[in-house]
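Shown here is one chain on its own, the form predicted on its own, set out as structure tokens.
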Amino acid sequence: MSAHHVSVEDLAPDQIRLPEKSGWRKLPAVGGVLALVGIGGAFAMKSGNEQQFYYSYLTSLLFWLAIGLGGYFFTLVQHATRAGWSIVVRRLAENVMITLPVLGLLALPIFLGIHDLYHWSHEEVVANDPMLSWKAPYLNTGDFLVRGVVYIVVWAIVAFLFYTWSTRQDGSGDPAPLAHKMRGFAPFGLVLFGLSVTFAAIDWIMSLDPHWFSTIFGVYYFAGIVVSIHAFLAVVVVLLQRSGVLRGVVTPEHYHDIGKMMFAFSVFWAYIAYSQYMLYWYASIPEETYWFAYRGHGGWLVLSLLLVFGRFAIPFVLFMSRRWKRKASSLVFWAAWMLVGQYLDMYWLVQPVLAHEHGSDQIHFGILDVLTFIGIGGAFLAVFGWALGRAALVPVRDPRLEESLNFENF
């Protein structure tokens, strides 16, 4: 037991709410401007670069969507497992989760660019390709659009319900009924999460190259989702504390668990990536290995090696330390490192398909990649910033908040 016990009544308003003059309250406006400039600029440059626009847009969307879906997963898994340690950071994850309705709307350009992104959407291509003809009952434009809408609706509804229930609990006389409701619905929501994320990864990423397939591709994207949300929470928590809030609320004990999860799922990501690669390499069947083959030349080989060492080997060696997980500066450094790794991974999954189609083995990172990243990220930050200022930064009426305030690692 901690020598100094903190009770919920000890929390001052300036610890758990953004001050009226806080710079964080400008985040919605700043994010909105970035969204307009980024997305508007990208669309303005779209003419004559339609295919590159959609590939750049998809790359950026998948990165920001991974963080939004991470908020969904983090929130529901804490309810389902009745976790106590995470209560003080769960509201931040809920604020991330509520970006999903907007990110869902921002996915609509992917549907508009279906013919620029997906070969299987062209009937004449399918008619002359036995494998695509065999996959046509699943890979067809109509079903693809319907499934995409279903994913977005599921994410938006679950995010809205849990965010609403949690913020409503802050003002409730008896918090127990809402706590039980969220705990009861969480397992069902996680099932929907698993199914929707798996099929979305297959539809939106793996089918970019419809001749290749993997039975664990959804798990691969999921691993990146979990790394991303913990990395994002680490950055936000430390920045909020440096601006004067959440001090004495989120402690090095919580840093430690956020860091442990970030570390663990970076190892899990590497395990899934290795499992996927090793089995194809061992079997050495040309139809299965070519997806990796064109990522093994020129600039794509450099990026492949950068992911192996930068996203796994270096963090594995250096971030294993307990001390580095409990220190704010080192935690933020490695969190930012992981987020960069997540973007590079999304780039590695999406962009080589276009380069291969044009017979190139070089990376061409351009202005469309920058603009789409800024635009979608701006919309994400605008909604996240709005949610930060709308309610308390912690679920103040959660029955286990006091347990979380006094959490200790052993």
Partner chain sequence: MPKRKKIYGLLAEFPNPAALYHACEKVRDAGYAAWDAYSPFPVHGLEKAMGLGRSVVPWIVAIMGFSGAGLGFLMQWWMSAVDYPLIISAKPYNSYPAFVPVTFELGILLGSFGAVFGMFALNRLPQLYHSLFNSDRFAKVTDDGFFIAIEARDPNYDPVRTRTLLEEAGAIAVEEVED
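Positions refer to the first chain, counted from 1. Being a predicted model, the structure only gives us computed values, none of them experimental.
Missing here is the form predicted in complex with the partner chain; even so, the following discussion is about that form.
- With the partner chain omitted here, the record of contacts in the predicted bound form names 313 to 321 of 155 to 163, 205 to 213, 114 to 122, 313 to 321, defined by a heavy atom within 4.5 Å.
- Contact with the partner chain in the predicted bound form, defined as a heavy atom within 4.5 Å, holds for exactly one of Asp129, Glu288, Glu253, Asp170, namely Glu253.
- Contact annotation: of the candidates Phe188, Trp281, Phe309, Trp134, the single residue with a non-hydrogen atom within 4.5 angstroms of the partner chain in the predicted bound form is Trp281.
- Of the heavy atoms in Ser7, none are within 4.5 Å of the partner chain in the predicted bound form.
- With a 4.5 Å cutoff on heavy atoms, Tyr277 counts as touching the partner chain in the predicted bound form.
- Among residues of the shown chain, Glu403 is not one whose heavy atoms approach the partner chain to within 4.5 Å in the predicted bound form.
- Contacts between stretch 392 to 410 and the partner chain, counted in the predicted bound form as any heavy atom lying within 4.5 Å, involve Glu408, Asn409, Phe410, listed in sequence order.
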